[in-house]
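One chain comes next, on its own, written out as structure tokens in the form predicted on its own.
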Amino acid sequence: MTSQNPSSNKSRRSFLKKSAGAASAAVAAPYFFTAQTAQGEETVSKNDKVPIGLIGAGGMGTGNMRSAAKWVDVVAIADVDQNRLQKANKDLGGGKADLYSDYREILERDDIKALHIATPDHWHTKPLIEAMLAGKDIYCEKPLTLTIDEGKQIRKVQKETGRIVQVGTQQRSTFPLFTKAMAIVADGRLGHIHKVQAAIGGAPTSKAIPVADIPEGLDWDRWLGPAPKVDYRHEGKATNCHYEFRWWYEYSGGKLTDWGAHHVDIANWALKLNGQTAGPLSIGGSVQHPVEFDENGYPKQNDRYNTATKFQFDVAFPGGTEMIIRDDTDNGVMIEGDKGRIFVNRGKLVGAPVDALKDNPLPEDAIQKVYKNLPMVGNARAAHWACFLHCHKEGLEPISDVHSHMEMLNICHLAGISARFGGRTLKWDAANEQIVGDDQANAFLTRKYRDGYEIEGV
């Protein structure tokens, strides 16, 4: 790929190798969050904004940048679709950002210390690892990985480099709802939790989607990247590209990782705050797909959406605790303990323990404690960005770190693997991150990267 700006003369491999040695060095950046400005409503001057590079200029990337606009200056944008690249520059950079077709050229820039990765799911791991090795701090969209093995690699590199990585599970920064629910759990108001439920909605189906001409400006080969090379398909709103990639196992885990990354995260967070720290023992259930799968877990048709449309998975934890992941019922998270239960989603937090707060409120610092005593600036997506930028400056672990994220995302991935085999029960060795006695299922813990798209620097 060539950029629309002069590129560095450094070779990328030597750059990444050199950067890995210095990746744990402290990062200097403008600091504008303090305990005294916890509401964070004031704007800052352009000179005080954090210069940031955006990798992936679709709706999520540009939406996130608008949420953080008063704190960041988008100085570089990379995307494989020139149409999105130009539009994002107009919308975010006032037409002044440096534009690249190859994100690696942003990694070579010494003036950019913070990045936002908002690519399709199958394109998260490679640039994230390479960015950490290049000494960058990253806000990466969820779900962090396409496989469990990618999560192992990310956690390893994060520990080695010490880079700050915030995952885009912004429900953790939604203080009146999800964070407050966690404070209720942590304060013991539900007692011992015996059941959590994540209702995440089902996925759409499609008719056969015909092969179509690749749109002008889209580098289809590079959009596919590490994934297998296939034809571009498009008809009406249906496609195997851009937003609709979510409904293809080749690029995503469907609803199980798309919304699962949000609600399973909250359910798992509740268990951890309740002292139930051991990983799951098994997972299995029922599932419906829009296509048939062969005995090895691969879809038999390649011309239509293939992720699970309806499902219910039961996840067993030590001590008899149960997690249910389902497509039906009210979207949200139910948490049940021996003292009561609560339900939370993006519109409400309800239950008898919530009602009881009127007469017996939480301690004043209860929400702050579950938020790792980090500054609480704004709410939801903006607050999540404020958290990342504060941690970027101070070298702190953010609220949505890669390690806790992968603990819960492994559950979502296991549900997806079970789904490929009709919902059959998988026994999980959490300590070794292996499925016990099932070679077919274990084959989906990793994936082969297409030649030319391997992770560089590892």
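Numbers follow the displayed sequence, beginning with 1. Worth saying up front: this structure is predicted, and the values here are computed from it rather than measured.
If you look for the form predicted together with a small molecule, you will not find it shown, but the lines that follow are about it.
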**Item:** Of 327, 336, 141, 98, the one that lies within 4.5 Å of the small molecule in the predicted complex (heavy atoms)
**Value:** 141
**Complete:** None of 51, 395, 59, 422 but one has a heavy atom within 4.5 Å of the small molecule in the predicted complex; the exception is 59
**Request:** Choose from 290 to 298, 121 to 129, 314 to 322, 153 to 161 the stretch whose residues reach within 4.5 Å of the small molecule in the predicted complex, heavy atoms counted.
**Result:** 121 to 129
**Request:** Given the small molecule in the predicted complex, answer whether the residues 147, 233 and 406 all have a heavy atom inside 4.5 Å of it.
**Result:** no
**Message:** Please tell me whether any heavy atom belonging to residue 74 falls inside 4.5 Å of a heavy atom of the small molecule, as the geometry stands in the predicted complex.
**Reply:** no
**Item:** 4.5 Å heavy atom contact, residue 103 and the small molecule in the predicted complex
**Value:** yes
**Heavy atom of residue 222 within 4.5 Å of the small molecule in the predicted complex** = yes
**Message:** Can you tell me whether residue 136 touches the small molecule? I mean in the predicted complex, with a 4.5 angstroms heavy atom cut-off.
**Reply:** no
